[in-house]
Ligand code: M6R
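Okay, so here's just one chain, in structure tokens, the form predicted on its own.
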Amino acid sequence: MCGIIGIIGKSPVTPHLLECLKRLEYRGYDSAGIATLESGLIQRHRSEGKIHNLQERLKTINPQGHVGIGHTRWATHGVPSERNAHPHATEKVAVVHNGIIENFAELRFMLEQKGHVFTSDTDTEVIAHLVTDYLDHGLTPQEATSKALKQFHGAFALALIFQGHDDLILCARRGSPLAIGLGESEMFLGSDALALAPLTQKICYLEEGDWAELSRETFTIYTAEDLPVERPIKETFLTGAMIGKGNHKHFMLKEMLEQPTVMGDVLRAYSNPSTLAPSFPEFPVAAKDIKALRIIACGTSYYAGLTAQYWIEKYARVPVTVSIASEFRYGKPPLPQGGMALFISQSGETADTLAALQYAKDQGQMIVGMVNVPESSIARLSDVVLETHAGPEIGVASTKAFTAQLMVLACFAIYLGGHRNILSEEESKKLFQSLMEVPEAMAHILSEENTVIKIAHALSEARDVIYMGRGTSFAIALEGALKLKELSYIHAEGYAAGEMKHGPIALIDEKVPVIVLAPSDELYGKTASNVEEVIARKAPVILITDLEGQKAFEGRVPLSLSMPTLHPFCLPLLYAIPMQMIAYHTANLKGTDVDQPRNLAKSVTVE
């Protein structure tokens, strides 16, 4: 969610701070600010809204400090406003912070009793005041910060600069990612490597509980117990070009159009070129010995898990339970000895998913992490990492990362089915070859923009929209409803088609569009009956189906989108595409912020 940047440079750092903050916009934010040291004194500049507002303010000020920190804030404690924007500061220290200080109220009360005056509603401000309190008692910045860190409960990443110390940034992480970038007589700090890509390709990731001091020439990392420790320096190949929009209006549009290429990348990553069979890393537990699988994820990744449940149970005969990460650990579920737990997260930093992972690890589960960022926290904590190979995804609403997850999961289902002798070699090959047809089929769907725009026009004035489907199409209907909600702000819900008569059908009238995912698979007849029920209640039906499925309703539904016909195994990958396109074009017609929808963040790093 929020983004952090810090620079100790050889020249004024403000232009670089702003450039890096703009690269963090994809994480979602509602205010931004920077703090620099000018002649040893802290100068702070903040604004509500987009970074453009901050840039306009800085034009007349033109800060010249060679050390500084910056932040994009997504509100948790305190409404979006300039007074709540980061950095927060006293005369002696300025701080930027991702995460939540859970015990901030008691710390604030204690500090107010000592005479500290707070000017914001945030939890972050207690960091600045507690460190200042220790500085007032004669501690060095390092001593004061170390002592303060031990008082905080919660998850955080933070960076601090200090009055009179123009060659020092201190930083720390607990449950929220932070990376140090190495330059030539310069040092950088960022929430992720993508923010630092224009500045350096040498990256060092802080581990859980680490804190560090940075100067222009070097850095030292300490454990939570204040012991010096070395962490590996890695080369990153991220570049500024990787997150450019090119000629596209939005990042989301660019990322949707990249999906056929990404599918090819995933297939190449998870197949044996000589046999065209799925190929995966070696697992600590043999596939035949897996008794049950627990899949844990949030949001769109959760819907990828629901889709995988159908695949894995049908083709590998492994019982699968799919859990929402934010609920999983609070029920304290019993987990079988030697079981496998699969955690899906685009960023690999999702706070709820990380907390659930730790619970499963404590229960002795084999941990499989499916992530798009191989250096992420989930990847580092996993026994096996399944990288999705989607490349950087900037749009907050997940597109290519979701379909990449689906493709990896589809390959995984075939792999399990083959190694458990549920699928014959011929059956496995047939399924995998059907996946190889997906990139071309996706490209065809993406070319049907004119039809999708007609659908978007029909939805743009609606207050409520219902999505429905059966089997794997139910999971994709849920994802479609989520996409429409988050991008266009239209209320939408996804339902299993067979459940409509158990309550939701009461919502249907001539003003409620119903989007039906109805591939002509083995469930088509039952889904078609549900469509008849909707038509009888005069709701406008938007039918997403293939040519065979369209025949039964020709001239009876106002709008339909013709889909390619592939093996039913592949259909979730294909039907995910119109869900994205419909949401995108509806939002575009309504004029909402497609890449950064209100109140949302790309990486949810607080619970």
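If you're wondering where the values come from, they're calculated on a predicted model, not measured in any experiment. Heads up: residue numbers just count along the shown sequence, starting at 1.
Quick note: we don't show the form predicted in complex with the ligand, though the next part is all about it.
A.B. asks: Counting only non-hydrogen atoms and a 4.5 Å threshold, tell me whether His88, Gln142 and Ser146 all contact the ligand in the model of the complex.
C.D. replies: Not one of the three qualifies.
A.B. asks: Given that the ligand is not shown alongside this chain, does Thr300 nevertheless sit within 4.5 Å of it in the model of the complex, heavy atom to heavy atom?
C.D. replies: Residue-level check for Thr300: yes, a contact with the ligand.
A.B. asks: Against the ligand in the model of the complex, would Lys483 count as a contact residue? Criterion: heavy atoms within 4.5 Å.
C.D. replies: Output for Lys483 is yes: heavy atoms within 4.5 Å of the ligand.
A.B. asks: How about Ile221 - does it come within 4.5 Å of the ligand in the model of the complex, if we only consider non-hydrogen atoms?
C.D. replies: Contact with the ligand, no.
A.B. asks: Taking any heavy atom pair closer than or equal to 4.5 Å as contact, tell me whether Ser176 reaches the ligand in the model of the complex.
C.D. replies: Because no heavy atom of Ser176 falls inside 4.5 Å of the ligand in the model of the complex, the answer is no.
A.B. asks: Can you check 514 to 522, 395 to 403, 444 to 452, 430 to 438 and let me know which stretch has heavy atoms within 4.5 Å of the ligand in the model of the complex?
C.D. replies: Careful reading of the contacts points to 395 to 403.
A.B. asks: Find the only residue in Asn530, Ser347, Ser271, Ser326 having a heavy atom within 4.5 Å of the ligand in the model of the complex.
C.D. replies: If I apply the 4.5 Å criterion carefully, the residue I get is Ser347.
A.B. asks: Would you mind checking 548 to 579 for residues with a heavy atom within 4.5 Å of the ligand in the model of the complex?
C.D. replies: Result: empty, none.
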